[in-house]
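Just the one chain here, the form predicted alone, laid out as structure tokens.
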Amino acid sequence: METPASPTRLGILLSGRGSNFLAIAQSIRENRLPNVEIAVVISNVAEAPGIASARALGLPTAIHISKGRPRAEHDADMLASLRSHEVDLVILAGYLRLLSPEFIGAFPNRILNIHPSLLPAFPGLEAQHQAFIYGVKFAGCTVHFVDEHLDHGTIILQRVVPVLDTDDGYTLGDRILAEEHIAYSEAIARVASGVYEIQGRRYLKRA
């Protein structure tokens, strides 16, 4: 009998309520993310509601305040925490801080982010409102690997949301968020499977 593979251990980074984190946790509980577990939930904001939610779920947590600290010092603490919990994949779930090149280099193609637009369109903040104001007919979300550039790494998957005539930036944002909660778990499952390769900027699933 083959020994089952060890679970893929996730390190969740958040700064706020962590709705995507909660969706991932639910996917794990409902076995829609098999052989995946949350090793630790880390916040750079002490009062982040997502940390309270993680504690309520009985998950390991850590807080490393970023405000007023040198970036290198803060990132070193974050990396030490992730390594101490033997994290395989780092998941950014509303983590409102740019990662340093040293941090990204410590987890090459093992940091995932989700962005509420169909990248490369509308990177940066308020992407849903950017899309609405621009007048696009389709918006959506993108899960991608993180590199040294903002909202730039290799795309793993995207989900599309039509923009309705009755929409405003907020209603569109709500419908994109609902798709984010599906997309992130799907992307984690794909990466955790290991059955893929990256060619240039293209994520390709291996047969």
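Heads up: residue numbers just count along the shown sequence, starting at 1. All of these numbers come straight from a predicted model, not from anything done at the bench.
Keep in mind that the form predicted together with a small molecule is not shown, yet the notes after this line are about it.
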item: Exercise: I114 in contact with the small molecule in the predicted complex, heavy atom 4.5 Å; value: yes
item: Touches the small molecule in the predicted complex: G94 (any heavy atom, 4.5 Å); value: yes
item: Close approach of L177 to the small molecule in the predicted complex, 4.5 Å, heavy atom; value: yes
item: Touches the small molecule in the predicted complex: R9 (any heavy atom, 4.5 Å); value: no
